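Given next, in structure tokens, is a single chain: the form predicted on its own.
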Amino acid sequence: MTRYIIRRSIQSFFLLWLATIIGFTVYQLAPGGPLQFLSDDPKGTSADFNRLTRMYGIDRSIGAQYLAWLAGEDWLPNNATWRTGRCLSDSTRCGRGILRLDFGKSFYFKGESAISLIIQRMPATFILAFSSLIISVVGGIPLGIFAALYRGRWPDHIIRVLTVLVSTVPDWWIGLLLLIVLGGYLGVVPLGGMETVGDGSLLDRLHHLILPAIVSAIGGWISMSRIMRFEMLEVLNQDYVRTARAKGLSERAVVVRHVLRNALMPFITGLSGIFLLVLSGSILFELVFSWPGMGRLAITAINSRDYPVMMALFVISSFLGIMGILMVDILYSFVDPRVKYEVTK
């Protein structure tokens, strides 16, 4: 198991490094740039453009910019080909690289550290994502179990039709509609934000959280109910389930001891994908509900071409996704004995 964990960890970090290369290259080759605002400013001159280009090192090759961004400028050759203008003029302004958690200074937020901007908004995003995941599990697993146990009968048909109908409507549209009705007309939920100004109590935050969490959990509980139904039906047709029934065990004992336990093991793998789906989809829900998380920060950074913040968000999101998949793989290896057999084979 130790060798398996080490091998998977090395693969995960290699994948993260590959993601940084692809992401950095795509951002650099994208139309526009961090100095695009000068083209829209009638007072901007070519001298201003050249000065800022040299200051931020945008005139360097992509390879030099990537090495400086990845590992820092302090170990690169001390010339204009490798270092930015501000680094050459003041050594204290040299970037330390993302390996030392220095993602640079924000262009839009007046030189504030990119990593500090993300850390400030990360709790809000994780609160929304974990709340949505819990609601998805609580709502999706029982529905999947219920549909499998009543396969081909009216409860199964109702659940399947309901999931299909809900999945055909965009989640953000449902959220916007509920916000207009429940928040605008009925006034039972807040119109947006994470807390009321001047309050911030736990009850007030839960009041703001309930609607965004439920709406963002819609896709999760639909996926979980389908996965759970499929896995339950697969296990119900196994020989050991028929043997357990033949021994005289009650249907409840068969479902709890044999069917449910084995059906949940493949479900663990799908859980990571659903969480990443909820986490990545938080951008739309944060916009709809004015939730102060990383999603709204990403939209602001993209609209303002704030490259340091954009790349910081990309790297951190990739890291969280890859580490989440790694943790699920390790957990799955402990739950399923067949994985251990394949490792030691």
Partner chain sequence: MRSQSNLNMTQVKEQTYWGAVGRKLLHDKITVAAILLLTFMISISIGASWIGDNLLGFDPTETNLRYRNKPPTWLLESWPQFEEFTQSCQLKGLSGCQWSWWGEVISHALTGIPNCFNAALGQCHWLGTDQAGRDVLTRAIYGGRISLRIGIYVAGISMTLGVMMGLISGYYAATLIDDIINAIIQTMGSIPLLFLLIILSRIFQPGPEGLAFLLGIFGWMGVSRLIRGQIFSIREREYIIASRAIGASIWQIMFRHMFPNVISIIIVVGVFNIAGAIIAEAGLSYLGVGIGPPLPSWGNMMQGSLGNFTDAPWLVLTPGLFIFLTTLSIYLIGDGLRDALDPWVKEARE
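Residue numbers count along the first chain shown, from 1. What we label the rigid core is the largest C-alpha set whose atoms superpose within 1.5 Å from one form to the other. Keep in mind that this is a model prediction, so the values were computed, not measured.
Quick note: we don't show the form predicted in complex with its partner chain, though the next part is all about it.
Put simply, of Q238, S167, S116, T196 only one has a heavy atom within 4.5 Å of its partner chain in the predicted complex, and it is S167. Residue in contact with its partner chain in the predicted complex (any heavy atom within 4.5 Å), chosen from L264, L149, I214, L176: L176. Contact annotation for G72: none of its heavy atoms lies within 4.5 Å of its partner chain in the predicted complex. Though the partner is left out of this view, G187 does reach within 4.5 Å of its partner chain in the predicted complex, counting heavy atoms only. Proximity of L99 to its partner chain in the predicted complex falls outside the 4.5 Å heavy atom cutoff. Using a 4.5 angstroms limit between non-hydrogen atoms, N303 touches its partner chain in the predicted complex.
The candidate site formed by I180, L287 and I299 is fully in contact with its partner chain in the predicted complex, as each residue has a non-hydrogen atom within 4.5 angstroms of it. The stretch among 101-109, 134-142, 159-167, 86-94 whose residues place heavy atoms within 4.5 Å of its partner chain in the predicted complex is 159-167. Once the cores line up, the CA of G248 ends up less than 2 angstroms apart between the shown form and the other one. With a cut-off of 2 Å and the rigid core superposed, G198 has a Cα displacement that falls short of the cut-off between the shown form and the other one.
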